[in-house]
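For reference, the chain that follows is the form predicted on its own, supplied as structure tokens.
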């Protein structure tokens, strides 16, 4: 009997991925349906619906759910859900289909799913801006001048503003997990696969470390703090698409492999990957990370400094604070049961002669090596020396090899805190 936290929403794992004869039959049917080209973000969302990662969702959101989620972080039935999961189409495609029809959802020539259209609704520029303000606007300096900077500097806002004129909603039947099972064998896991692995180890209290950057010493320290108080830790990295300048998943996976092999007790650590694209929604995305981690069997999400943030749009610990402000539905099954494991800003302190945090280190900023994934990427991309204790030497070898192979450099904008201000 599993002792892991139950999936979100009270319906078990809602998996829309077809297999066997049902899959083959749906593929044949899909060949005769109108094809709708989808974005990379929608592909990741579809796969998560397929494997149960987005339980209890069974398809893309109707307008009522979209509005409720943006405004109240609740689905229409009162279930907690922090970010909209929608599918946009062009005005021409919207005119060519009608409610009640089925369509095939395609990404770069591969049919990813079929969808029963229950609703087609317009998304005006006003609607898109309203979504951006509700989901992406934070309390950092850049959000004080949100519409001056966000359309150019916030990748999540840019993505929403670039969406097409209509959304379609309805249940999906997912036909593919894309390239992830073959590209990341042993790392990419469905919620059922990860749950099985953790049940075999008899884990009950589990923490997840969310990663989109290469794993540096601060990440390692966070994972080890969690390992001290939990049965195990899942280093759960995003293997979907990122913004330009971020490091590809295959490079990050190699770095994590090296660290797990050399610096962790393997009985208490699992490396896994999930197929989403980053939305860079800061606090709201921290809640999304906790929501789908619950589906993977995780009951604690490590939340440190500027979780899922970008630029200076969010306060340093705004992602921790939002867990205290989120709605709590009356029914347990509709609540978010994955709780934050809040950890203060961590760094290497020369005087402490080790990793420390603002809670444990009494020394000043001149004694601290400030650790940040963005700062590491900037130093490596510019060929600068990486300070001692910033990253493990074995990891830096892999990252330098990657950066030396690049023919084009992308300018990396530093967040003011990551640059060392304000400590």
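Positions refer to the first chain, counted from 1. None of the values given here were measured: they were computed from a predicted structure.
Although it is not shown, the form predicted in complex with a further copy of the same chain is what the next lines describe.
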property: a further copy of the same chain in the predicted bound form: contacting segment from 139-147, 189-197, 270-278, 342-350, heavy atom within 4.5 Å; result: 342-350
property: Proximity of residue 221 to a further copy of the same chain in the predicted bound form, heavy atoms at 4.5 Å; result: yes
property: Proximity of residue 39 to a further copy of the same chain in the predicted bound form, heavy atoms at 4.5 Å; result: no
property: Residue contact check: residue 91 to a further copy of the same chain in the predicted bound form, 4.5 Å heavy atom; result: no
property: Contact of residue 230 with a further copy of the same chain in the predicted bound form (heavy atom, 4.5 Å); result: yes
property: Candidate from 305, 217, 334, 173 lying within 4.5 Å of a further copy of the same chain in the predicted bound form - any heavy atom; result: 217
property: Proximity to a further copy of the same chain in the predicted bound form, single hit among 325, 202, 262, 95 (heavy atom within 4.5 Å); result: 262
property: 4.5 Å heavy atom contact with a further copy of the same chain in the predicted bound form for all of 225, 359 and 362; result: yes
